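For this one, two forms of the same chain are given in structure tokens, first as structure 1 and then as structure 2.
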Structure 1
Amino acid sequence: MKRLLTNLLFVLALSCATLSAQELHKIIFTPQWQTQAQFAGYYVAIEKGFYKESGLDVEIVSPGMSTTSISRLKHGEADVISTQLLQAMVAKDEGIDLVNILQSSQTNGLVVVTQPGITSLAELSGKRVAAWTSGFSELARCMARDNEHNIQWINIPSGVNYFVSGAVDGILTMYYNEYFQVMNCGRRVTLDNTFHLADYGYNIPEDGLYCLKSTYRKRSKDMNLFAEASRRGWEYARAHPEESVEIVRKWMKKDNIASSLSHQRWMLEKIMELQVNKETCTASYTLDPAIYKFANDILRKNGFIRKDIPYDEFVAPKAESK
């Protein structure tokens, strides 16, 4: 009898564990780049169990060097991705019916760094400026066209070597990433040769979470739970930056990516700054309709999209307000 009871309890425990595992809804998430503190909130949400508490089994799959998160979304290889607002809008215009479910970025982080002696963006007319082949340079190109700066854009895969070697007159950087690399390569970076696009009237936010509209229709609860758990991850990272950096570095090691503690600290610090709206001094995690219209108008004016994209077609209903 005792043995029978033990066996029954074992079977019951096994059944409960199996049921619990079955209740977790699988989500594959792809950030727009490889593992780094730019995406700390999502790794934190996994490590602290925020996704599991929401009934989600989340797997993070980086896009690799030869593809993009948008491509993975398009081909059904990811349920949710992160990417920049302008790239998402261009993809929407090209027929990828995606929707925004959370807007983590509130302030633009693009910075043009020039060689010493070039002290204004206007002086870049006719000069060579490096930008990434992977994209994310739409806003800088719009700025140049709007102001009739005849910049010769030089496409580079990544890094800052072209600039450091003097092969180009300027380089487009992210404040939280390549800008740090330029500073640590011994280049002279001062207010005279550093130009934040946000300070020149181009303060369009960047990173957000996206899924296909068809996915949102079928799995709106899962998508909203993922967005909210991700928000919790970011809020935890803001309150525990050192722990969060170590979480990121743990995942970088797992993915065989070399990490610099000082670089990842800088990245997380600057990402957190960019998540705060400059006017309200808050991190709202939502996409402001007025800013969205400004982004739409800039892309339309410069030929990156063919027609206006209505806000209510771009932002998922539950993502409009929290």
Structure 2
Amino acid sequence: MKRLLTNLLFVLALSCATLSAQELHKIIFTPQWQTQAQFAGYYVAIEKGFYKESGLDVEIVSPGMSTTSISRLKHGEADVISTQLLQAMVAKDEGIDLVNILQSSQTNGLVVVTQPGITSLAELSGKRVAAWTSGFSELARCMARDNEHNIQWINIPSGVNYFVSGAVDGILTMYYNEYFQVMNCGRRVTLDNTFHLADYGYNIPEDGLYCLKSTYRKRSKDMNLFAEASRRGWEYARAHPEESVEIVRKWMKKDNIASSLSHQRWMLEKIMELQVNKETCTASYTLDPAIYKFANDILRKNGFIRKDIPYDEFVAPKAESK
């Protein structure tokens, strides 16, 4: 009898514990690419327990080769995703009702890198520039069009071998990613061969956190907590870059992704740079309305979106900048 009682008590206690454990709200987060330092803040936040402290149980699920983060959000496979502003606005325009809960990127990161000898975008007229087929090269094409650079865009899947082999005169890169590879492939590229789209009137911010408006309505507290903790993660990464790179690489290894230390370092460094507003010199993690309007106008002008998207419809209330 005594034995039964103690067993009962034990089971009760356990379930209580489990129950209390279940007080952690689950969030599935999908970044737009596979594990890398581009998303350091989130891995750091998990590793450092920032989410747990906010009562969140976060699981990061990468999109894989066949899907995008937006598609996962659309299909409810992810609660929160990371994607670029342009993609998000296009998706919103297409009917996916998402809201921005955190704007990590404040600066556009696209860079056109040319072969040695080409020191201006004008010289790219009639020349081949490689760009990846998987999205966000649109901005570059817009810019080229606007500036009447008659660029012959060559679609490529990935990598820098087109550039290395000399098959193209230029290549579109992400400052924090492919740029590193292009600068370190022995082609004697210098800063004279680099052209930041941000300098050519296309400074549209990139990465940010989004969730469905419906999700936000239901779990605004969680969403805000997630955004807050994520921001904490980013801030920690800023203060402890080496440790953060280690954390990211550890997660990459878990996902069987080979990583280059110097590449990840570079990536984190540049992501941090791009998170800082060039004029205010601060990382606000919020989407500035003026910048938003600017992005909205360009996208409208270039036909990426059919109609204007008001700021307050795009950005979640708590995530608005005051």
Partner chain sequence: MKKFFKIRESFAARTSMYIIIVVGIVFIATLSVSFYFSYKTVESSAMKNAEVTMAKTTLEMERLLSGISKMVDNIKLVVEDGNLPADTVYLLVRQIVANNTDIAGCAVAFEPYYFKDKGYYFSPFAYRQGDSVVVKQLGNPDYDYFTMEWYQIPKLLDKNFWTEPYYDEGGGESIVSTYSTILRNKNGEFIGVLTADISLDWLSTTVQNLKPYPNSYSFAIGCGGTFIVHPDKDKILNESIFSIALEDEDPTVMQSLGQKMVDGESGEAKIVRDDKLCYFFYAPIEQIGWSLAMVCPKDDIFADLSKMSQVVFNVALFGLLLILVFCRLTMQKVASPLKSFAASAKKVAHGDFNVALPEISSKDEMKELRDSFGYMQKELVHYMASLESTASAKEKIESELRIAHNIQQGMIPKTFPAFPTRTDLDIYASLDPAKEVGGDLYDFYIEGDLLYFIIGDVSGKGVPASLLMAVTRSLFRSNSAYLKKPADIVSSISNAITEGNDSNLFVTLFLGILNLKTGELRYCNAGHNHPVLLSDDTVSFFPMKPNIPIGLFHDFPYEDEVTQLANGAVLFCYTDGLTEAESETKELYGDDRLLAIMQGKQRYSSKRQVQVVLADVAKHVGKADQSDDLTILTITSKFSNYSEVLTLKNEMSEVETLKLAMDSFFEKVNVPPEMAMPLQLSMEEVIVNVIMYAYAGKPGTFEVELSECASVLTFVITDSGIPFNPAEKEDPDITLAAEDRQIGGLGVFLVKQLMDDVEYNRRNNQNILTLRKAINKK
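Just so we're on the same page, rigid core means the largest C-alpha set that superposes within 1.5 Å between forms. Numbers follow structure 1, counted from its first residue as 1. This structure is a prediction, so every number in the text was calculated from the model and none was measured.
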- Message: The form predicted together with its partner chain: is that structure 1, or is it structure 2?
- Response: 2
- Task: Could you check whether the CA atom of Arg249 moves 2 Å or more between structure 1 and structure 2, using the rigid core for the fit?
- Result: no
- Item | Post core alignment: Pro116 C-alpha displaced by 2 Å or more between structure 1 and structure 2 | yes
- Please check if His149 moves between structure 1 and structure 2, taking a CA shift of 2 Å or more relative to the superposed core as movement. yes
- Message: Core superposed first, then measure: what is the displacement of the CA of Lys127 between structure 1 and structure 2, in Å?
- Response: 3.2
